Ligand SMILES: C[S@@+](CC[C@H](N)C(=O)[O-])C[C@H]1O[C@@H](n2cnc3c(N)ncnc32)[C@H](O)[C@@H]1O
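Only one chain comes next, encoded as structure tokens, the form predicted on its own.
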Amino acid sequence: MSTVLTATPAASTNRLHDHPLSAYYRWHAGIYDLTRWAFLFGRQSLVRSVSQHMMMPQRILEIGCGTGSNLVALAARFPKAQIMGLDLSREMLDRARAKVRPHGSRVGLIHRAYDAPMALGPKFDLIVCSYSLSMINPGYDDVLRISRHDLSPRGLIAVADFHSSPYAWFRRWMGVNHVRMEGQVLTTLNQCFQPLACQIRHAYGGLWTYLNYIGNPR
């Protein structure tokens, strides 16, 4: 059975098409997997770390799933879980669809912004945000607050993302690429969640630091 891409109403589709991040990834989707390995660190270790804190999540949501690399890793790590990937870029989801097809209906994709809770029935046991929160400006704090409503009481949030840089020129350059890295993600995570694991690591000799975080609702 093929993966289902959930459609959005026409007005919402037009709004997503015009979103700055959607426009950005329209051009970057084709080279994303070829280039991001060089600086999106901590994604694989995040998935491994989740399994140390949660044995068998039944429902998983990834916010900003991109081309689907994490979805494939999650499906392999948790073979009984129902997994949903959400992204506002249709071009990125087009590439994700090919990757998750071998997992059939167990992995679904949805084209929308995460501006309201997703769980209409049972809530999610695990919500993953991989290098998405630092790009949602403004609104990353709203995403984290909404995710609290989508998590089950014993659920976990798992985040890999940029943290900060001591170099103003580098922060400005990352801002050109829609990334804000001023430690704001960790600050809001700690306001919304109780940390179970938090690691901040250096990249390229301290040019920037990145974050791996696992927490549960406060």
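Everything numeric here is computed off the predicted structure, so don't read it as measured data. Residue numbers run from 1 along the displayed sequence.
The form predicted together with this ligand is left out here; the points below concern that form.
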This ligand isn't shown here, but in the predicted complex, which of 119-127, 76-84, 144-152, 106-114 has heavy atoms within 4.5 Å of it? 106-114
Wondering, does G66 line up within 4.5 Å of this ligand in the predicted complex on heavy atoms? yes
Within a 4.5 Å heavy atom cut-off, is Y32 in contact with this ligand in the predicted complex? yes
Residue contact check: V50 to this ligand in the predicted complex, 4.5 Å heavy atom: no
Does R171 reach this ligand in the predicted complex, with heavy atoms at most 4.5 Å apart? no
Please determine whether each residue of L88, M92 and I136 possesses a non-hydrogen atom within 4.5 angstroms of this ligand in the predicted complex. yes
Sort through M181, L40, M54, L186 and report the residue having a heavy atom within 4.5 Å of this ligand in the predicted complex. L40
